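Just the one chain here, laid out as structure tokens, in the form predicted on its own.
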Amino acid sequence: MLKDSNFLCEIGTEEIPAGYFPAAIESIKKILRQKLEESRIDFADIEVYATPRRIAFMASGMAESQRSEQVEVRGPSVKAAYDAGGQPTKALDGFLKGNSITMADVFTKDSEKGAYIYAAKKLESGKTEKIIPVIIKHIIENLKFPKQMKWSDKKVYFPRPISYFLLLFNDRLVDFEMDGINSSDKTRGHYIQHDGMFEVTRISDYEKVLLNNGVIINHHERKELIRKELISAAVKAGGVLNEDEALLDIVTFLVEYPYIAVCEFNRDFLEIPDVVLIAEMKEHQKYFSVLDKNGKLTSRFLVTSNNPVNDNVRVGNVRVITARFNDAGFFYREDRKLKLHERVESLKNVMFHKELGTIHDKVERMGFIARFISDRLTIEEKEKDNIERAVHLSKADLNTAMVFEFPSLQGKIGRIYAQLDGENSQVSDAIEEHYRPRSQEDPLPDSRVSIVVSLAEKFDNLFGSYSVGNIPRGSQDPYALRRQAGAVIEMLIRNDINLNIKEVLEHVSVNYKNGKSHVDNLIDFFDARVKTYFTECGFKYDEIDACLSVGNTDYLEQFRRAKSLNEFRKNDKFSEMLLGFKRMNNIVSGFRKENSDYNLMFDQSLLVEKEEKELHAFFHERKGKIGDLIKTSSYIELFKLLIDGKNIIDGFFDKVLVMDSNQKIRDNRLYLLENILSNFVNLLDFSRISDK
């Protein structure tokens, strides 16, 4: 709990759906902080807690009064403030009255838009106790929930009816009324075990009063207690807990004080695939499953109860899950009447998107993409066949009763049915894994077949979304396109796959409306994700910029370059070598800026100075080696080679004037520098690397 709290507001309600709380908690924190700051009320910290039947927000160090401040307020322009005779206009009179000031308080101040009337105004210090009700009313009226309703004759919209307000400041009751409900110094205990209103004389007693009456108000503590009790109960049941953080978050807001019931269903149900039984328990009943030491599902399951456990609780939950499992068994048997490949044709009747066609059309596009990627990766024919088969079957389970009942099982059921149909293990694995990652915690595909199918799926999702205008904007990304683009990048880099993204996009663009026009936008989208990924890998902004600015969309290669550059910068001679290349680049780019089409010629006989002869010889003799090092991604060795030429480069710039008055010699030297830089034009842009 928040220590040293001197402000407490609890909104008591009927039971609110568990999924509403996480967003509401963050929203209250944000609004409360904002309103206190706007109201000039100092505070130390804020915290929000919740149970199914209450939301409590607290603050520590909240000041008794507002801060008094001296501020400048702007009024009308001087032209609008005075008439032709120099007398105050209605605009100026309104400004004076509105701010309770006189002419003695105003002054003129110039701005870019002309002269304006200003006044120094002191913001008075009001009592916090008088402002708190206004803030609470604002919070309640501005809280956003997935569904809000009016209840009975009440005017306030809220997910469930509000029963009471507990409102204390410095241990004093604060008067507040909303919709006929008056504030008090009382909170409600557990609605079954300790149903009643209990006085809170001091804010410091709040947590204890609730605990004594069957409520753990701190949802963080409640969550960890549930976790601990679940793990212990699973061990006592002879297994291990099938941990599920998302489910744990839900049950935390289903109970005010947790009790764990160990129950057992009929073992005959274990003939149904584990994922189905687990989905039934999780999605419909919010039960936790118990696994054996080998990770197989057992017949034991755990129920998080809001009341002490007895035989009635156990029997009731077993009865409910038995009915659910009977349904699941029926769906499973019905699904098995057809093999997975026999369902593919029916996908022609399932709409994916009105502008992108059916699910079957999507599978066809995925096959087109997968074949192109397979050719680029020189995959063996056997693996190509597995990829083709996996793509063909990848969406067939969408037409099963099981996925219709549990959309979260798409891919997972497909894998199980493919295995039962006798499909190759690489094929069945890819049917599930091509959806990954479904969340931030979900692992990426790891086999080559699964990776290619997953890439095909994600390229189609990205290109398809862009082609119909479903483009992420700001923080909005309803189709998780950022996560999918990030997954593409991560799969390529983690699995050492060289793939030119631009080539893929240009090849597949023919399958989408105005496809060519979206290629550059998609590359920008990928580049943004690459920058994020590279930053998370510890690369510096200029290293990333130097690599990405050359326009290469083989992100594995870009990763290798950025990584090598990051490591190489630890070399003390880095800045010295870099300076020479920057000078080359500055001279050549400055010339090309004014003479973009000028044809430079080279004649070795025009090399008159010893230093320019040495520079030419150094890079001419090593041109083949430089190319080989770049081709084999041996970037550290390449940078070492360049360091070897540092003294020669320095000697050239110390002794040789590039922009010689003799035009032929000037052109010859410019050609020499441009030719050296041409070795690295598609590698990285040295000019973007900071020498600090």
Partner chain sequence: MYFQELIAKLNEFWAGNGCVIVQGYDLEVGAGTFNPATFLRVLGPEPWNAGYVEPSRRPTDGRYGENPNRLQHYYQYQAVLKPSPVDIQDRYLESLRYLGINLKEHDVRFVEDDWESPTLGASGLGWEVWLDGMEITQFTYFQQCGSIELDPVTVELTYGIERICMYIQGVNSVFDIKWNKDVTYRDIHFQSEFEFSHYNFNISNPDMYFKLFDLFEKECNAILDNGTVNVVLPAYDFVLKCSHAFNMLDARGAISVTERVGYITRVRNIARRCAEKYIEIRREMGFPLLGKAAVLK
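Numbering follows the first chain given and starts at 1. By rigid core we mean the largest C-alpha set that fits within 1.5 Å across both forms. Source: prediction; values computed, not measured.
A second form of this protein, the form predicted in complex with the partner chain, is not displayed here; the remarks below concern that form.
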Residue (of 351, 71, 134, 617) lying close to the partner chain in the predicted bound form, criterion heavy atoms within 4.5 Å: 351
Candidate from 148, 232, 521, 514 lying within 4.5 Å of the partner chain in the predicted bound form - any heavy atom: 148
Stretch in contact, per heavy atom within 4.5 angstroms of the partner chain in the predicted bound form, of 313-321, 382-390, 582-590, 554-562: 313-321
Non-hydrogen atom contact residue 674 with the partner chain in the predicted bound form at 4.5 angstroms: no
Partner proximity in the predicted bound form: residue 465 to the partner chain, non-hydrogen atom cutoff 4.5 Å: no
Residue contact check: residue 227 to the partner chain in the predicted bound form, 4.5 Å heavy atom: no
4.5 angstroms heavy atom contact with the partner chain in the predicted bound form for residue 550: no
Within 4.5 Å of the partner chain in the predicted bound form: residues from 565-590 (heavy atom criterion): none
Cα displacement of residue 18 between the shown form and the other one reaching 2 Å, rigid core superposed: yes
Residue 147 C-alpha relocation of at least 2 Å between the shown form and the other one, rigid core basis: yes
Large Cα shift (2 Å or above) at residue 179 between the shown form and the other one, core-fitted: yes
